[in-house]
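First, one chain by itself in structure tokens, the form predicted alone.
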Amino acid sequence: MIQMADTHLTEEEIQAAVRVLRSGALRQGPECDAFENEFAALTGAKHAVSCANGSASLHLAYTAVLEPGDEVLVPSFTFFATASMAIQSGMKPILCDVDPDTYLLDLADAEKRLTPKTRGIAPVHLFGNACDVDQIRAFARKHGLKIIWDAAQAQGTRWKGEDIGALGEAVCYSFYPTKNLFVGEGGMVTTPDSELAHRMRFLRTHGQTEKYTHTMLGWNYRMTDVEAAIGRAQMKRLPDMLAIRQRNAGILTAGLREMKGLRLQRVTESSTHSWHQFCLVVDRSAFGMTREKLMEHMKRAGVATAIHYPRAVHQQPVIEERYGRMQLPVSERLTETILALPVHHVLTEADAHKIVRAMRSAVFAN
């Protein structure tokens, strides 16, 4: 069975973790410092602040950049944490619809939802597809908004040739096992702002500015040196892993883009997609088969598939309880029709071609 992801560590990455375990120095320490410096160099960012996970990276950025009571524009078609961490920071996420082709924040819809309390915007580079950075920046300048970029799925994504980690006030990453760069758990925020980086480093350690002296409220959001050691070792092979993902995405795109009833995610102009996920929309009437029937067919053919996401954020029960029901038709339609295919770095060219053949055979299996 061709799986959706592969999270096996190399021997070098395992030995890096073992080295730290044998040292007995397990908490945040010199490995985390080195990981931050190397990740900043990799992305071209001035500063990188490591933390416990991707949700923590968002929480740190929201808290450091905005104020309680502020409203933040958030796409509804994203992982829940983009919105929930705004709530945890005392803010209100204003959920917006997305573009039906790129799946990214629809600025025209967002503009309709602005209020005098709107102070921030949280664009998501979804599945590794970069937002139009120029348009987001222009929108933010026009309306006086701070930008918190959610790059949890976009390690290695570039915009106009530049790594997205160097393109924002606060760019938030996740190193969860399914991500392009993974350490188990772990997160990072990159920023050009020295003061912002300084503040986030205090926030991640209970607001401790000196030992046993707490000048602000914070959390225990430290990364461990074990995770950082894995991350440092894995960064060496990240370019190769990204190249394989892009090769596989090229094979899938060439084989599927002309198939009637399938609409592939449109890569944003000027974006170098890093292909955390390869997603497409299944039009039941044109394709002649429901998404669920197609998933069953692919499973029989030995190919795993997945749905990202079966609910939009505004459809989550806790969000409906807090803010009431709302309608975002594009996001809702995507939840009903989107399908993810394997694209990860362990797939061979033969595997990618097998996925194409299995998809094409579905037409004749119906």
Ligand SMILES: Cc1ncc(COP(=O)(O)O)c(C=O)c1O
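When you see a residue number, it is the position in the sequence shown, counting from 1. No experiment lies behind these values; they were computed from the predicted model shown.
There is another form of the same protein, the form predicted in complex with the named molecule; it is not shown, and what comes next is about it.
Engineer: With the cut-off set at 4.5 Å between non-hydrogen atoms, does K179 touch the named molecule in the predicted bound form?
Structural biologist: Because a heavy atom of K179 falls inside 4.5 Å of the named molecule in the predicted bound form, the answer is yes.
Engineer: Could you tell me if A81 has a non-hydrogen atom within 4.5 Å of the named molecule in the predicted bound form?
Structural biologist: Taking the distances in the predicted bound form, the answer for A81 is yes, it comes within 4.5 Å of the named molecule.
Engineer: Would you please decide whether G186 lies within 4.5 angstroms of the named molecule in the predicted bound form, comparing each non-hydrogen atom pair?
Structural biologist: Yes, contact at 4.5 Å.
Engineer: Would T224 count as a contact of the named molecule in the predicted bound form, using a 4.5 angstroms cut-off between non-hydrogen atoms?
Structural biologist: T224: no contact with the named molecule in the predicted bound form.
Engineer: In the predicted bound form, do T63, I121 and A170 all put a heavy atom within 4.5 Å of the named molecule?
Structural biologist: So, no: the whole triplet misses the named molecule.
Engineer: Quick one: which of 150 to 158, 103 to 111, 195 to 203, 292 to 300 gets within 4.5 Å of the named molecule in the predicted bound form, going by heavy atoms?
Structural biologist: Flagged stretch: 150 to 158.
Engineer: Note which of S76, S174, S274, T190 lies within 4.5 Å of the named molecule in the predicted bound form, where distance is taken over heavy atoms; exactly one does.
Structural biologist: Answer to the contact question: S174.
Engineer: Within 4.5 Å, heavy atoms only, which of T43, S331, Q28, S55 is in contact with the named molecule in the predicted bound form?
Structural biologist: Contact residue from the list: S55.
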